[in-house]
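Consider the single chain below, provided in structure tokens and representing the form predicted alone.
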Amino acid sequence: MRATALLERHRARGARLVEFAGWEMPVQYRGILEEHRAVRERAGVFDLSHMGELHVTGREAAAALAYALVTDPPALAVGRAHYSMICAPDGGVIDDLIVYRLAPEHFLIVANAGNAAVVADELRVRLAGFEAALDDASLRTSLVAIQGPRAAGVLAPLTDVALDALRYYAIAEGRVAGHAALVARTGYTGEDGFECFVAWDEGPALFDALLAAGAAADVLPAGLGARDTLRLEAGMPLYGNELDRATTPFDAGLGRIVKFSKAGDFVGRAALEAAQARGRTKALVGLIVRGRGIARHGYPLYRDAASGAACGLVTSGTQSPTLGVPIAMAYVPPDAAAPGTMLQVAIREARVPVEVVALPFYRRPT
């Protein structure tokens, strides 16, 4: 397994370590529930250094990414970001990404840990023929995030970046706790927060500085367990669960990010146009369990207690710490996707009623 530069920090804080996407990562410190609540109520600090950081530069960097991705990176202003996907020629999702424009000819793409090498290899192929170069900086970059309603207050005294002026899905260059950093107002928790990119060896000091600055506010280190419950409450997809090669952006309810209006062709255009025209064959929905038990990843769904054949599949599920009820995301037939629809999920030997609800389950207070 690979290890981030913060591994010894995690061990020193008593983290329970697990293998995730080939990395040894903390799943929890004090406990998932406590860490989840810290992020919702105060703030939590995450080590995300297992994610992939891919820099694309050159005179045709924007055009190359317009061809490679389903979104329209040339439309991004410098200092802004957007959510994107890289799709296969058949329209299936290879990975979902965040694309940042750091300069007119410089983009940063953040890929999921398990797909970083795949995305890098695919981008190299797609950039061929363009005046653009790819630099995989994943093993030279530490990524530390602080998320939660007190994140800005904790980070502000440590940085020269004007956080009040930094909009959601924006990025700025500056210093954090004395380290050169890129600071982005992005996250995967449903809360306000920031992701700080620094040199690999500077990650541990940044992690320490954020926790020390937040100690008076009871800011906690948070692991992958809380990150998963937080993103699920916020209705955010996880690659390998809600997204995969057999799923198009339209299936996942994310067809809005596919920019058919952009100039030129892009990989997957024909297949995605066909997918849009024929309509969804499956729909991603939220579920609340209205009986006993938790609907976990892979559990089958049925239209009623007497149905013999499954009609859908749970992709992610947990007991929601914020809502106090079991929640899940699932793929169901489009005619079963309306909020209020009642279905059944198989939990052990029983079929338990679940109600289709609109996503997300949770929105932070405005």
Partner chain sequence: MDVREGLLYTDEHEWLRVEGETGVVGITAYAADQLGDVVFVELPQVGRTLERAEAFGVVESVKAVSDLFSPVGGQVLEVNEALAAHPELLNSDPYGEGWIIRLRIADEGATTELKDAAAYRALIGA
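Computed from a predicted structure; not experimentally measured. Numbering follows the first chain given and starts at 1.
Just so you know, the form predicted in complex with its partner chain exists too; it's not on screen, but the next bit is about it.
Stretch 23 to 31 is the answer when you ask which of 23 to 31, 303 to 311, 335 to 343, 51 to 59 has residues with heavy atoms within 4.5 Å of its partner chain in the model of the complex. Every residue of the trio Arg16, Arg296 and Gln319 has some heavy atom no more than 4.5 Å from its partner chain in the model of the complex. Checked against its partner chain in the model of the complex, the candidates Thr229, Thr71, Asn115, Ser138 yield a single residue with a heavy atom inside 4.5 Å, and that residue is Thr229.
Among residues of the shown chain, Arg278 is not one whose heavy atoms approach its partner chain to within 4.5 Å in the model of the complex. In the model of the complex, no heavy atom of Arg256 sits within 4.5 Å of its partner chain. Counting a residue when any of its non-hydrogen atoms is within 4.5 Å of its partner chain in the model of the complex, the one hit in 328 to 357 is Arg348.
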